[in-house]
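Here you get one chain, nothing else, as structure tokens; it is the form predicted on its own.
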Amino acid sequence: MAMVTGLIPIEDARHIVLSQCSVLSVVAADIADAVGCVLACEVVAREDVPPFANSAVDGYAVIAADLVNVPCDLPVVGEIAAGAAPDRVLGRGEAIRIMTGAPVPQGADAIVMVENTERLNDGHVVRINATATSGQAIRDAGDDIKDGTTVFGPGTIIRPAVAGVLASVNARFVDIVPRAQVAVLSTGDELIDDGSPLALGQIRESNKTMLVAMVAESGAIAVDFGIVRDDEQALEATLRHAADTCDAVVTSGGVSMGDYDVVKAVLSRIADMRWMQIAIKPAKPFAFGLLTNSSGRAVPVFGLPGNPVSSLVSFELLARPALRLMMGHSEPLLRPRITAIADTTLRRNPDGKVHYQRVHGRFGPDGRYHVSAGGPQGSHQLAATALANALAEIPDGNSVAVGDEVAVYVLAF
């Protein structure tokens, strides 16, 4: 790919990335391991849910026609617990004690809840204090799902409730798009992560720690490849191993136009890379390409800027949506984008770039989402960004005034 020398719009950069990322191959998985993944098949129920008529309440199974005049006393001729099968047919003028979820006995056509009854004669007789209608408090077989119903189609996200439904129709194994395995690594002789005292020129590693968590939060599986020292041979070996064992690779640092860095030197040689300058602030420098592994598979490589805030923003706007695409998610691939009201001035000057300011957002009493400035906006100032829960997208131009509307990507509600 050719080197990009001018600034390109964020939409174009995202198109470049997404157009070269493919959905991962479908696998079969136990539903216990599939929550959060995307379903890749149609699921058809092969049995009714519930499989039999059952009681919706604790109470007494009765024949509604016996309760014309209440209160009335009926002999209790049996009891049915959840999980037990009825052992007799209910006759006229009788009642059977029944628990929630238990099968409705043959002959009964209504359930009277226990709150409308009184136990007499040590439970051998029940006084019914309310009339009933046929079908009352009975959940029919197939009341939730009928045999032959298509319950879910491809593209469904398996949330906890979806997993519950799959279990209820005995779809214990389903075809899914798996979670992407994502290698995350940092490079640099200056990085320290062992807690030892810092020498002059050394800094503590933070980007990799942050990115491992962001990869996991996206639904992918982060594989921590640690810190690779400034050695081209070692870095090449690490990148090739990552491409052989993972579905994508995320690095941070060494992507600026003026940098001579081992990351740029190695990736330029072994991968088909595009080194971009994007018309945004922060996160202007970004690299993306494909590294062909030993099996001939092209593995996406995301080269994020080294400044921690730039790395965060770059991941959110470019790497995260690509990983979501690879895992079978459909539009919108980005975080929820809503129109908010600025409660403080969001300062900026015209510079030809879209600014992504880190802001604090909340819903106000007016029902609108309100945001306020999140502190210093320097690309190196991660501490000021850490508690922000939204990114305000401010087009090229002047500041956003108090009370103005502004588009935001919500990172957390």
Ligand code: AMP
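Quick caveat: nothing in here was measured; it's all calculated off a predicted structure. Residues carry their position along the shown sequence, with the first being 1.
There is another form of this protein, the form predicted in complex with ligand AMP, and it is not shown here; the text below is about that form.
- Although the partner is absent from the chain shown here, 191, 252 and 308 each have a heavy atom within 4.5 Å of ligand AMP in the predicted complex.
- Among the residues 236, 144, 79, 261, the one placing a heavy atom within 4.5 Å of ligand AMP in the predicted complex is 261.
- Only one of the listed residues (205, 109, 316, 343) places a non-hydrogen atom within 4.5 angstroms of ligand AMP in the predicted complex, and that residue is 205.
- Heavy atoms of residue 218 never reach within 4.5 Å of ligand AMP in the predicted complex, leaving it off the interface.
- The stretch in contact with ligand AMP in the predicted complex, judged by heavy atoms within 4.5 Å, is 181-189, chosen from 331-339, 181-189, 109-117, 95-103.
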